Every structure is written in structure tokens, then in C-alpha cells.
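Listed next as C-alpha cells is one chain, alone, in the form predicted on its own.
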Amino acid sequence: MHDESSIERAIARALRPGRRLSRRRFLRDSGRGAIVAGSALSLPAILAACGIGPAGSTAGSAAPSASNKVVGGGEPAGTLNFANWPLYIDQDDNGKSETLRMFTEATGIEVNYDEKIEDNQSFFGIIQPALAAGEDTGYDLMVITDWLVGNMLRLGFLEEFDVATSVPNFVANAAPKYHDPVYDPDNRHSVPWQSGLTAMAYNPALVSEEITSLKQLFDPAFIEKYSGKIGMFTEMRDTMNLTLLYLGVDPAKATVADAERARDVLMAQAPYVRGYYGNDFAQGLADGSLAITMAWSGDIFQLQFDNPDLKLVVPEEGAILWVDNMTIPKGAQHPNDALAMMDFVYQPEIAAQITEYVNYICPVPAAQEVIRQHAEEADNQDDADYLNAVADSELVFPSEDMLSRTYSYKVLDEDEERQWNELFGEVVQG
């Protein structure tokens, strides 16, 4: 029988039921990335079904144009309707969040918290009809991924705010990487909730050299010896964007011709690939069926508690930094309450509290020292070990050097998304 180390016991005792489950299981095959061609309704299909054509087209009902009106500056109404993903805020055994309780105590704002978002595309399908009609979606604050932020901005579906005056704690405490993102210049419509990396991981016991480059994942000259032990992702955006980095292309600036080159690289790699995975890649890495794989940082952080030898690598060519953002949908009834929540969670103590539960990349660097202080004050050694592991992990608090080698997803318009899906479909459907 396997003897648990002290850190493993700490995890078993410190984590609430479900806490150790990666939120990636809610994203599998339909989350951040676009759906594999033909497998489900993609964003262009949702738009077409609702009568909205590509940007600039006159097909069907036109999306409302973005207003120059900036929300904020008024008094909160006392109510916040907040849509988020499952397991994406601190919760006790009864599903109650200390962060939400403290927010209400500090502001008087009552929060209706709804774990409504199972994946970006289906949630967009739920709220799109109201947005297209200029009606309230029922939500004041929602957490959506960067590429969807870009798409919704193009459609005029997000409220604009002045981040300097409305979310000063973001300006003061957010890591520089999160300021002025390519998908939302000047943070005029969004601030990060949590983020993570799409990169590479490997099992040192199954490879003959240190893994540092995307060549060791994509180039047949390097990977033949690992044939049948290489893992890739089913999510188009992750896979295509990482392949573009291998080609030396900044994904945010990629053309359809670049995407075609990425398709060709993936087709050449395919004979050596064991499979295309959702978050079940983690099981393959843990059980030794995968030697090298695409990986999400949050899953590797959790795997390392059981197998600390597993490595996540930000390759020499770079990795993808995905960001889940707090946004205010157009026509929200309580925008000032939403802005109050945005500002509240950028206090280091609150950011630390969320990160201790969620274990994704925290956008507030100062939360790291808060978590270390919590470790010193812990009631027992197991809890202290767990909190120190969170604070010390580069997968939760990346170094500036690591973040400097990360890139954003390409924000695709409808035509590009259809084309990229078709190209990726050629790979995964053989």
C-alpha cells in the first residue's frame, strides 16, 4: 500500500469535497477552445441561428453597436447577479463562500451567485438572444474567457467602464501582464478573474532528455522515439495556437495561411500521437501512458502533489496564457454593484482567499505573501504544508520571466473560426 507523504495528507484533509477536481472537466471538448468541426454548435453557428452574420454583413438582425457610454460612478443598487463557472470561488462544505459573505458585509450588496457557466459557447447561446434584442440578460457580472471577450466586444455586447476610477485595486495590485490585453485594450470592458497556461508537460522517467522546446512535441525528427506516448488536445484554440508558436508565429497576429501551416504540422505529427484529450490527458500523464503532452497548468499543479517529478514546461517558443475575465453584459441592471465586486476581489487578502481554493494563476502577486502568512498561522502542519505548496508554486504565482514568454489566443471572427475549425477537423478526424 502506498504511504501518503505529509503533503498528500494535507491535500486530502485541506481540500473540500470537489476542490481537487480540475475545473477543466467542465471545459472538456467545449470550453475555452472552439468545438471540433461537426461535434457541436460553434459560435458562428449560434450567431447564424440567431440571424447575425459575420462582422460587417447585413444578414439578419444587426448586433447593437457599442455605446460610448461608460458605466460606473453611481451608487450600487444593493444587488449583484453573478454568473461564474463551477468550483471557481472559495466554498465551504455547505457551498457557502467566505468571499461573498465578506463582500456583502463590506458593501451591503446581496449576491445572487449562479454557477451557470459550463462552457463559453453554451453560455453565450443562453445570453445572446437578450443581448441582440437590447434586453437585460439577468446577469450583472459574468466570467468569460478572453477569446469570447474579444468576440463580444466586436458585437457590442459588453459595457465599458473606466478601470482607473471604477476598479482602482486592479490598477494598484494586478500583475503587469494583465494590463492592456490584446483582446481588450486598456481593460475598458474586463479585468481578470483567474488565468492559466496551455503549455507542455512530461514525465522525466519516460523521456531521455530535458524537455525545453516545442520541437520535442511537434517535430518528427525529435518525437519518433516517443511515438504512441504523445498527447494533444481536442480543443482547437489551444492546439492551433500552441502549434503557431512552434512555427514562430504570434497567435494574436496569425492569418488563415498561418493556420493552414499549423494544420500541416499537426498532420505530420499525428502518426506519433497516442490521442487527443480533454482534461483526461492528466490521467495519461499520471499512469505513464503519456510521456510528453500538451497540458493545462492547473491540472499539473494538482498532479504534482501525488507525483512531484512531473514537469510543466513553458517552452522556449512560448506558451498560451488564457484569462477568464469579469465582464458586465450590455444592459446590466446593476453595473455599479458589478464594479464593486471587481474592485473587492483585487484586494490581496481576498485574492489569496480565492486562490487557496481554486489553485489557478492568481492575477494579484501580493496574494502570495498573504498565503505564506496564512501558512504560518495555520492550526496544523498539514494545512501549513498545503498553503506553502500553493504559495511556492510557479503554476499559481508565475515568475515575470515565465509570464514574459506567454501569448494570448487569436480572437477569431466568424469566418476565421469556421476556417480554423475545418482545418483542425482534418487533423482529429483523420
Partner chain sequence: MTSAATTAPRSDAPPVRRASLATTLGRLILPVYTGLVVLYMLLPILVMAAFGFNDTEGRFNFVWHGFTLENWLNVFSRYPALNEALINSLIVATVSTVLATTLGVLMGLALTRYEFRGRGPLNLLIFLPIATPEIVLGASLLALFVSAEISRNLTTIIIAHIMFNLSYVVVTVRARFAAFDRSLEEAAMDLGADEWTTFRKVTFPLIFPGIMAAALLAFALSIDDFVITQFTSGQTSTFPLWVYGASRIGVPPQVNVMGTIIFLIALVGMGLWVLVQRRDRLRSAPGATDR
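Just so we're on the same page, rigid core means the largest C-alpha set that superposes within 1.5 Å between forms. Residue numbers count along the first chain shown, from 1. Note that the coordinates shown come from a computational prediction; the quantities given were computed from them, not determined experimentally.
The same protein also exists as the form predicted in complex with the partner chain; that form is not shown, yet it is the one meant from here on.
K.L.:
Run the contact test on 95, 286 and 360 with a 4.5 Å heavy atom cut-off to the partner chain in the predicted bound form and return yes or no.
P.N.:
So, yes: the whole triplet contacts the partner chain.
K.L.:
Select from the listed residues 250, 114, 264, 162 the one whose heavy atoms reach within 4.5 Å of the partner chain in the predicted bound form.
P.N.:
Spelling it out, the residue with a heavy atom inside the cut-off is 114.
K.L.:
Which residue among 103, 183, 246, 88 has a heavy atom within 4.5 angstroms of the partner chain in the predicted bound form?
P.N.:
Exactly one listed residue reaches within 4.5 Å, namely 88.
K.L.:
Quick check for you: of 343-351, 312-320, 121-129, 175-183, which stretch puts a non-hydrogen atom within 4.5 Å of the partner chain in the predicted bound form?
P.N.:
The contacting stretch here is 121-129.
K.L.:
Contact with the partner chain in the predicted bound form for residue 76, defined as at least one heavy atom pair within 4.5 Å: yes or no?
P.N.:
Contact check for residue 76: no, nothing within 4.5 Å of the partner chain in the predicted bound form.
K.L.:
Can any non-hydrogen atom of residue 282 be found within 4.5 angstroms of the partner chain in the predicted bound form?
P.N.:
Contact check for residue 282: yes, within 4.5 Å of the partner chain in the predicted bound form.
K.L.:
Is residue 169 one of the residues lying within 4.5 Å of the partner chain in the predicted bound form, judged by heavy atom distances?
P.N.:
Residue 169: no, not in contact with the partner chain in the predicted bound form.
K.L.:
In the predicted bound form, does residue 260 come within 4.5 Å of the partner chain, counting heavy atoms only?
P.N.:
Although the partner chain is absent here, residue 260 would stay clear of it in the predicted bound form, with no heavy atoms inside 4.5 Å.
K.L.:
Need the contact residues for 311-335: heavy atom within 4.5 Å of the partner chain in the predicted bound form, sequence order, or none if there are none.
P.N.:
Stretch hits: a single one, 324.
K.L.:
Quick check on residue 105: with the core superposed, does its CA move 2 angstroms or more between the shown form and the other one?
P.N.:
No, residue 105 moves less than 2 Å.
K.L.:
Does superposing the core leave residue 182 with a CA shift of 2 Å or more between the shown form and the other one?
P.N.:
Residue 182: C-alpha displaced by less than 2 Å between the shown form and the other one.
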